[in-house]
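In structure tokens, the next block holds one chain alone, the form predicted on its own.
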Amino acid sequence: MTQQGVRWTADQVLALAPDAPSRKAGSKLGVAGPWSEAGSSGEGTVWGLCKGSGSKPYQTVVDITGAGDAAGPAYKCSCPSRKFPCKHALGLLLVWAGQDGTVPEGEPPAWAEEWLAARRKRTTEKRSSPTPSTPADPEAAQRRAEKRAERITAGVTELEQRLSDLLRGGTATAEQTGYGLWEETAARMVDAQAPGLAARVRELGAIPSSGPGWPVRLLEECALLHLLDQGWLHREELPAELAATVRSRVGLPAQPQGPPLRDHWLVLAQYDTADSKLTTRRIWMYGTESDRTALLLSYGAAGRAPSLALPVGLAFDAELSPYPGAVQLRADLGEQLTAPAPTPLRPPGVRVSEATARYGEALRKDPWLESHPVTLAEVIPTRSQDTWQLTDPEENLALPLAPSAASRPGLWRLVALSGGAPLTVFGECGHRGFTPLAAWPKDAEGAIPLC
């Protein structure tokens, strides 16, 4: 039985939206008017019929427990939208969250029960036929892995030569040769089956003429690339965790290792980044019993939202399987045992000095780390000349916000939540500054998303 006595807030529902247009469209449907025959069950199902432009209403059903063939809440709607959740699912959840009697308790109709039964069947089949942990032909898999390693080594050797040529000719030559040379080098890394190296090469190629101080940034990136190249070439001599980090940074796929960790996981934050080929969703989780932070990743094709979406600020009982690595926080979401529900628990906050120390320790173990998750305690967003920072009045220290964070709407929400008073803030601490992702004002019951 799931915890259905406490329903979600509107913010928690809208945090599931795949994009801003869906959030806006779903909000318009979050009223009783378009809905009929709506209901919910104690097993974590919400359903309803939404009037559309056609003669037939759209049949919409949501399994908020996530128990089934996919992790996280699952959605089904008869509309033609390819977004998950669609605006009808968002609108239905908003009406359900409103608790105005529009979505009473009841038994699901036949069309909703049919979908639920199919999900239960797939779950049963997956549990009875688990995915094998070893390949069907281990020897063939080993030969493929060795062949790929040889290609990567050849690519790394070529990249080292390109870096040597750049430094021998001077950084000024990078401005003259332009981006084409580095795009060609990145393509060579793709051919070498090292997508991680290809991504870093493209970033390096974009640095020349990118603004004041670009030669310094170029040298820094060259040094990190050289370090990664040398790490790959000497991976057999590295400690196991650091070797796993090098393989991951180069772009080799990894699988979760070790037993799943069961905990009561709080969804701290969720946000998307996109390039021309892929949309990546990052979901930060906090284990309230293990005191561990974990990162879930979900991917979608360009222009498509990833399938996994979890309500920020809610917690649920689930199993997470961690990946190997020196400071690897990534995990896979396994079986979800309860429905997401509000919780007063939150990560214990630390002072600014401790936050920077933790980032420094993580960077020592993984030199290519962009940022590290941390929760700051009792900080106040303050203005400093033309930038913003999070000030710790007790230590008289402050963390500057990352440039990207200072330009987001979430900054003004953070300032409004604070009102000049201290609050708890979760985010990512990196060399560019701090990026706030969620906040807890004093006496607040749940996290407020900032992204």
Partner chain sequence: MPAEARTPALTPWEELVTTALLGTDRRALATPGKEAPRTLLDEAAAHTVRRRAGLRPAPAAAPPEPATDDPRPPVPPAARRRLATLLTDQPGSGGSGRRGAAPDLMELLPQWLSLANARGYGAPPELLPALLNAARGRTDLRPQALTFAGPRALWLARLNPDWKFALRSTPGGGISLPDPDDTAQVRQLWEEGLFAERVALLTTLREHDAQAARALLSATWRTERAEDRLMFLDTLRTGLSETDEPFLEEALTDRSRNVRATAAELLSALPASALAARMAARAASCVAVDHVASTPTLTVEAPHECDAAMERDGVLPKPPAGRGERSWWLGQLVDSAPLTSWQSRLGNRTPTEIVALPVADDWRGELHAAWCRAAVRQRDAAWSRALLGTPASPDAAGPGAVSLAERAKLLASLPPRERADWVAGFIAAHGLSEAFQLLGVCATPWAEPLGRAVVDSLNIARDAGSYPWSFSGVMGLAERCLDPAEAVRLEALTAIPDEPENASPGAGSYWSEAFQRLVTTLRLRAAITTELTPDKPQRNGS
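A quick note: this is a predicted structure, and the numbers were derived from the prediction, not measured. Numbering follows the first chain given and starts at 1. In this text, rigid core is short for the largest set of C-alphas that superpose within 1.5 Å between two forms.
Keep in mind that the form predicted in complex with its partner chain is missing from the display, and what follows is about it.
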Would you point out which of 335-343, 116-124, 255-263, 363-371 contains residues with a non-hydrogen atom within 4.5 Å of its partner chain in the model of the complex? 363-371
Could you confirm whether Ala110 comes within 4.5 Å of its partner chain in the model of the complex, counting heavy atoms only? no
Taking 4.5 angstroms as the cut-off for heavy atoms, does Gly170 touch its partner chain in the model of the complex? yes
Using the partner position in the model of the complex, report whether Trp47 sits within 4.5 Å of its partner chain, counting heavy atoms only. no
Do Val103 and its partner chain share at least one heavy atom pair within 4.5 Å in the model of the complex? yes
Answer yes or no: in the model of the complex, does its partner chain come within 4.5 Å of a heavy atom in every one of Ala141, Gln193 and Ser404? no
None of Ser418, Gln59, Ser41, Thr424 but one has a heavy atom within 4.5 Å of its partner chain in the model of the complex; the exception is Ser418
Which of these residues, Val350, Cys222, Leu295, Val327, gets a heavy atom within 4.5 Å of its partner chain in the model of the complex? Cys222
Under the 4.5 Å heavy atom criterion, name the residues of 195-218 that approach its partner chain in the model of the complex, in sequence order. Trp214, Pro215, Val216
After superposing the rigid core, is the C-alpha displacement of Ala32 2 Å or more between this form and the one not shown? yes
Is there a C-alpha shift of 2 Å or more at Leu90 between this form and the one not shown once the rigid core is superposed? yes
